[in-house]
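This document starts with one chain, in the form predicted alone, laid out as structure tokens.
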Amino acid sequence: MAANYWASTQRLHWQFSRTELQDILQHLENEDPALTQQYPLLDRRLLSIFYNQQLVKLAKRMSIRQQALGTAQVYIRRFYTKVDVRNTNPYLILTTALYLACKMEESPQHIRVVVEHARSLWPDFIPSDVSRLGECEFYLISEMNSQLIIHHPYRTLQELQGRLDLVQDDVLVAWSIINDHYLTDLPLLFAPHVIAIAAIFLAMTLKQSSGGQQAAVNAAAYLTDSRQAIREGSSTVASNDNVPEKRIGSFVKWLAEGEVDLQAVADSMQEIISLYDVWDRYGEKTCKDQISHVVKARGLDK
């Protein structure tokens, strides 16, 4: 097992460029055009919000900590790069991913307890036979090539708290943003430290500005525009009026000195902002009805 991200299977086998990931997902869509046309799906981000809400419901019943929940969300996202969601029972996949994540995060839950809680939430979709969850566990492990170690952004956030003199409010908001990033493709696109830095930048921007998401958009643009100036030693990069505090400029300079990929940080910020925009049109019932229709119509609840 790799003890650090740079030598991990996460970096070597599960980090893609946007183009690579789009090609992978498009390939799944093209495998069975008739199935894709018969069962069109909502925006993947809306489905991710729904999956997250269901996972949180199950996790709360078993008092499962956030890191195990994050690991389960990464497993689900990885799995659905290999298998079309239309060929699965998402409720069983969610339950199995959480069960497996608890094992990997050293907080194992008994399989019967997991099934019992899942059935109390989704009785029409979770079989009472615990062997079905066991079979699904092997299915997930196989599709992920037994590469189950997940490196999370939380560790970087904790390490940077003291180094950057972050106040507690910054840390709490950044932690919440990291929680939300699992609802996007970011775990498959960028390193954990990039996500953590993007979350810190967003937390500092959103907390200090009354401009809300627009302020964060401005900050992301500022980060992109400032990249070359910072590397050339410009002293004017912190003078942008769209940036709520001068400490943002100091923060960006610190990033440049550390050779952090500022474009990746800016892209991560934009992805999270886009998620929040999509969230405004999220409807749980719409997602639930669509998933239930596909599962029942295809007999995947048996």
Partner chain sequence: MPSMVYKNKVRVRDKYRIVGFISSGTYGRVYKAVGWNGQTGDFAIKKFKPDKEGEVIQYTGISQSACREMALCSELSHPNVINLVEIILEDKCIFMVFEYAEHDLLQIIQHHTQPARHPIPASAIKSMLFQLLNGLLYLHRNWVLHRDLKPANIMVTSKGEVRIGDLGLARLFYKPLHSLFSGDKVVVTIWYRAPELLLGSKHYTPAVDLWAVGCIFAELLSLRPIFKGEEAKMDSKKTVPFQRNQVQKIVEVLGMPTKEKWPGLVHQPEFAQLQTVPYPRRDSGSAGPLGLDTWYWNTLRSANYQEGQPSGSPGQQGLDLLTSLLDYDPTKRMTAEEALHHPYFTANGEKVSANCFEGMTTQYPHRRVSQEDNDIRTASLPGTKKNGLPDDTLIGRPTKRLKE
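Here the structure is a predicted model, which is why all the values come from computation and not from measurement. Residue numbers count along the first chain shown, from 1.
Keep in mind that the form predicted together with its partner chain is missing from the display, and what follows is about it.
Trainee: Exactly one stretch in 152-160, 113-121, 189-197, 165-173 has heavy atoms within 4.5 Å of its partner chain in the predicted bound form; which is it?
Mentor: It is the stretch 152-160.
Trainee: So in the predicted bound form, does any heavy atom of Arg132 sit within 4.5 Å of its partner chain?
Mentor: Arg132: contacts its partner chain in the predicted bound form.
Trainee: Would Ser128 sit within 4.5 Å of its partner chain in the predicted bound form, counting heavy atoms only?
Mentor: Contact check for Ser128: no, nothing within 4.5 Å of its partner chain in the predicted bound form.
Trainee: For Tyr182, is any heavy atom within 4.5 Å of its partner chain in the predicted bound form, or not?
Mentor: Looking in the predicted bound form, residue contacts with its partner chain do not include Tyr182, since no heavy atom lies within 4.5 Å.
Trainee: Do Leu92 and its partner chain come within 4.5 Å of each other in the predicted bound form, heavy atoms counted?
Mentor: Taking the distances in the predicted bound form, the answer for Leu92 is yes, it comes within 4.5 Å of its partner chain.
Trainee: Does every residue of Ile141, Ser146 and Gly299 put a non-hydrogen atom within 4.5 angstroms of its partner chain in the predicted bound form?
Mentor: Answer is yes for this spot.
Trainee: Name the residue from Ile178, Met204, Ile76, Leu100 that puts a heavy atom within 4.5 Å of its partner chain in the predicted bound form.
Mentor: Contact residue from the list: Leu100.
Trainee: Could you list which residues of 101-126 come within 4.5 Å of its partner chain in the predicted bound form, counting heavy atoms only?
Mentor: Counting only heavy atoms within 4.5 Å of its partner chain in the predicted bound form, the contacting residues of 101-126 are Lys103, Met104, Glu105, Glu106, Ser107, Pro108, Ile111, Arg112.
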